[in-house]
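Only one chain is given next, in structure tokens, and it is the form predicted on its own.
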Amino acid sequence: MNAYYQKRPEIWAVGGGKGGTGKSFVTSNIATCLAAQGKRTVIIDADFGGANLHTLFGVSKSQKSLADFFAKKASLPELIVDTQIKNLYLIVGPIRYFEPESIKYAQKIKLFNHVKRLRADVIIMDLGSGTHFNIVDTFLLADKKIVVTLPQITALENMFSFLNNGFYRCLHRAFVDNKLGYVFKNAVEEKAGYEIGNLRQFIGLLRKKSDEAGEIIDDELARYMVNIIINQAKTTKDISLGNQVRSLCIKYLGFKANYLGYIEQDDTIPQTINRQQPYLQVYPKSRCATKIEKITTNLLDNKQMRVQ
């Protein structure tokens, strides 16, 4: 069967800037939920510095990985491997350490074009930590952009930095594409003199440049929607943090955000990871599984959770 579709799959990306927030756990279980609903789901482990999604599914170290795609030794469909779950497939990330900055622009564009053509209903890309532009560009490729954070100050700071860099790069690309790169560059040079302290203020400075600049900003703001997941929530305060993060995105960064929901702290999660099985498969009736299923539903329906 041809591994490419005529129909473009929906692409989701899971990021957040900081390592250790549970991105791979969230990715593997959302994918498991989608597959259970009959959606052909392909996970791409795009964590070039620490690919480990294969271990969460009990998949042995593959002879081939994304490194072979970049080295022109294999096509993307040739890298797809089965998991233990029906309708769920995996492309293994580079097993050996692979610096994001080692990926050249042409390689990145080739990867993105091939991802868009894979035979799947949903493709989920699990991103590594950091804010390198190759990681950010992969996040921007997605139709649905998901960030996973912990109720900890360091994780939240990294997440905001990641989102800030993401939209900043999104704007820069849009201005360059519209032959107004010089306008963006001038604004960057001027922002120190205007004591610009956050992205929203920088956007305000850009708007003053011209009506066309304002139109570009409005178009990008309409497209840039992030979806927030709070992982390892323990208290009511942790749970309500999602709405606070959402409000801060609007107030200081200037773009819209959805609070998808939260995943509770669960001491059985490490056990399922050690068993190399998705949590949703081992404990399908648990409270934590219910939260994951609700998050997946919210993503599919473009809805969000509201916490009073």
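All of these numbers come straight from a predicted model, not from anything done at the bench. Throughout, we count residues from 1 along the sequence that is shown.
Although not depicted, the form predicted together with a small molecule is the subject of the following passage.
In the model of the complex, the small molecule sits beyond 4.5 Å of every heavy atom of Q277.
Proximity of G22 to the small molecule in the model of the complex falls within the 4.5 Å heavy atom cutoff. Interface residue remark: L241 is not counted as part of the site for the small molecule in the model of the complex, having no heavy atom within 4.5 Å.
Contact between T55 and the small molecule in the model of the complex is not found at the 4.5 Å heavy atom cutoff. Taken together, Q107, L111 and T138 are entirely out of contact with the small molecule in the model of the complex: none brings a heavy atom within 4.5 Å. The single contact residue among V42, A257, I263, L34, judged by any heavy atom lying within 4.5 Å of the small molecule in the model of the complex, is I263. Residue-level contacts in the model of the complex: of V59, L248, I273, A67, one residue has a heavy atom within 4.5 Å of the small molecule, and it is I273. Contact with the small molecule in the model of the complex, judged as any non-hydrogen atom within 4.5 angstroms, is confined among 175 to 183, 206 to 214, 67 to 75, 227 to 235 to 227 to 235.
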